[in-house]
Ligand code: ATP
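Before any questions on binding or motion, here is one chain by itself as C-alpha cells, the form predicted on its own.
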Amino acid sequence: MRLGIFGGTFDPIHLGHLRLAEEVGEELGLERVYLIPAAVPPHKGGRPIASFQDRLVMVTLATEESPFLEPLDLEGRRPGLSYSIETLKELHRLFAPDPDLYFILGMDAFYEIETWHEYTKLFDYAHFVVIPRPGAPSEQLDTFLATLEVRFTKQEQNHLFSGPSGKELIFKQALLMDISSTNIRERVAAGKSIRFLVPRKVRTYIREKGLYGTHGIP
C-alpha cells in the first residue's frame, strides 16, 4: 500500500492543508493520504489552543468532501509528546506487513529535522516528501543534507535522493496557498470572516463550539 502521512497541529485545519494533501497524493499515485492531528506537538511553544478532540473533529469534517483524504487519531491515543517516530512505527504495525509510507512536510520543518526525536530512524520507516515553503530557500538543500547523520545519494532525476535504507527523499513543488492557522485564529478572535479560508463545516464548528474566542464570525 502506498499511503501518504500528513501530520500537523491543524489548529484549525484550512484549505491550504487540504489542497497540499490532495495534490501530493494525486501526483505520487498514493492510495490514501492520512491527516494526523498531533496530540501534544513537541515543537510548539505550549499546547494547541483547541483540544485534540476538537481538532480531530475539524479534520474529519474537512476531509468529508474527498474520498482520498482520511483523518487518523493515532497520536490522540498515546500519552506524552507526539513523536513522529512512534507514529511511523505504529503505522507499520497497523498496515502490516509492508506499507509504503510517504511522510509529507514543508521545507521549513525539514530544515529542523535534526531536532526531531530519533530523527535518523525516521528514514527507515518512510519516504519523505518535502514541499518548498516561503522563507525556507531550497538552494540551501545540498549543504543542509551534508550536515545530516543520514547520508543521502542524489539521483539522476531532479529533486530525488536515496537514503541507506532505500527510502527516498523527494522534493516536490505544489500549489502553495498563503493561509495560516495562526492568522485564522486571530481573525476569529477579532470577529472577522474566515470564509474561503477553511471548509464551510469547519467554520460552522468553530462558531458553534466558540473556539478561538469566537465573536459571531461570519
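Since this is a predicted model, take the numbers as computed values, not measurements. The first residue of the sequence shown is number 1, and the count goes up from there.
There is also a form predicted together with the named molecule; it is not shown, and the following applies to it.
Using a 4.5 angstroms limit between non-hydrogen atoms, Pro132 touches the named molecule in the model of the complex. Shown alone here, Phe10 lies within 4.5 Å of the named molecule in the model of the complex, counting heavy atoms only. Interface residue remark: Gly76 is not counted as part of the site for the named molecule in the model of the complex, having no heavy atom within 4.5 Å.
Within this chain, Gly106 lines the site of the named molecule in the model of the complex, having a heavy atom no more than 4.5 Å away.
Judged by heavy atoms within 4.5 Å of the named molecule in the model of the complex, the contact stretch among the candidates 150 to 158, 27 to 35, 172 to 180, 62 to 70 is 172 to 180. By the 4.5 Å heavy atom rule, the three marked residues His14, Leu20 and Arg185 all count as contacting the named molecule in the model of the complex.
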